[in-house]
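Just one chain is shown here, as structure tokens, and it is the form predicted alone.
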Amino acid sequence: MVNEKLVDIKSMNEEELGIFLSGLGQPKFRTSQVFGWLQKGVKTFDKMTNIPAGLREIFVKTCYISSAAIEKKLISAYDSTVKYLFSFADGETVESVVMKYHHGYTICVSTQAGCKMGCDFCATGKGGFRRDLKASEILSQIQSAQEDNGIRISNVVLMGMGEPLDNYENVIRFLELVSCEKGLNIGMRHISLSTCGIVPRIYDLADKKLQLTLSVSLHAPNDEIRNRTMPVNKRYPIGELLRACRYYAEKTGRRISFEYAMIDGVNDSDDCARELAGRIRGMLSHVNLIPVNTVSGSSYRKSRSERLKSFIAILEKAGVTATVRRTLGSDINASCGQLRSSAAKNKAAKGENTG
């Protein structure tokens, strides 16, 4: 458990770190040294070998370094996708997934331990919300995965556990750190952020013009269906959400990716396809159709292949580009929430304290 009085030094940007070190009487060049160690993923201050012992002792008393410890690791026999259950100092756990593509390695990271949004077809939402992740904890998932696999990750997807825009300030700080030239240096055009539709924050994000890809979990063409499957729609109806999306696309010049989980008999009819096309036609966008994952406790099942083909044909005829998402790690349940849920059940069965 981390002492709450200690400073989360890895969540500092270089300017803040410089001010902090200046207050400790340190020269300017020390900032680059310490920042470099933190961005490399050092886990303890004693590993900062070019930092004076006296300063390291001060760090131990005043600061802490967030890290993501590997609790469990699953590797797909089909495509080498790697799924992690990471734990933090307070015992909270999150999931991350590393996927290999022809262009390099992509990691899907979590931004919260659990989620408040309560989407019907999501395993994470069914597990409830625990807390937000700090910027350093989001960054640590990438660092740990890189170190464990001996790879360089080139693309980041904020599509794991949690709603990124519900943890806005920490996520924005993470984006600053992960794209820093002196850090992991992953450019914004190689980062995707997924949201279920926190409308005010979409406007805030648009105004920052960060050039990342915004993925919107739409999953329905109208309020009637979306209200049943995604509670957030009752606060931010689909009309408001799509207006915010148009604003984002126009403000940034970046294409919106609409995520659409195809659920048998719920949102996969031809009428749904035509209504969806009518709502987003003309917007700089793309529809990513996702065969829904089977989630324990849910009656939802993925759409049949003929439904997928018909749905995509209707969208394309209307001038809306669409593809079916490639499924990776199917043998290890690579979608988020299920590994964490399983681990929590195992702890409960053993009588361990789960929080």
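As the structure is a computational prediction, the values presented were derived from the model and not from experiment. Numbers follow the displayed sequence, beginning with 1.
Note that the form predicted in complex with a small molecule isn't included here; everything after this is about it.
* Asked: in the predicted complex, which of 145-153, 75-83, 178-186, 258-266 comes within 4.5 Å of the small molecule (heavy atoms)?
  -> Partner-contacting stretch among the options: 258-266.
* Asked: Which of these residues, A113, V97, L158, L205, gets a heavy atom within 4.5 Å of the small molecule in the predicted complex?
  -> Filtering the options by heavy-atom distance leaves L158.
* Which residue, S136, N167, N233, S217, has a heavy atom that falls within 4.5 Å of the small molecule in the predicted complex? -> In short, S217.
* Asked: Just to confirm, A273 within 4.5 Å of the small molecule in the predicted complex by heavy atoms?
  -> Contact with the small molecule, no.
* Examine T195 and determine whether its closest non-hydrogen atom to the small molecule in the predicted complex is within 4.5 angstroms. => Taking the distances in the predicted complex, the answer for T195 is yes, it comes within 4.5 Å of the small molecule.
* Asked: Taking heavy atoms only, is F88 within 4.5 angstroms of the small molecule in the predicted complex?
  -> Heavy-atom contact with the small molecule at 4.5 Å: absent for F88.
* To do: Decide whether Y248 counts as a contact residue for the small molecule in the predicted complex under a heavy atom distance cut-off of 4.5 Å.
  => No, Y248 sits far enough from the small molecule in the predicted complex that none of its heavy atoms falls within 4.5 Å.
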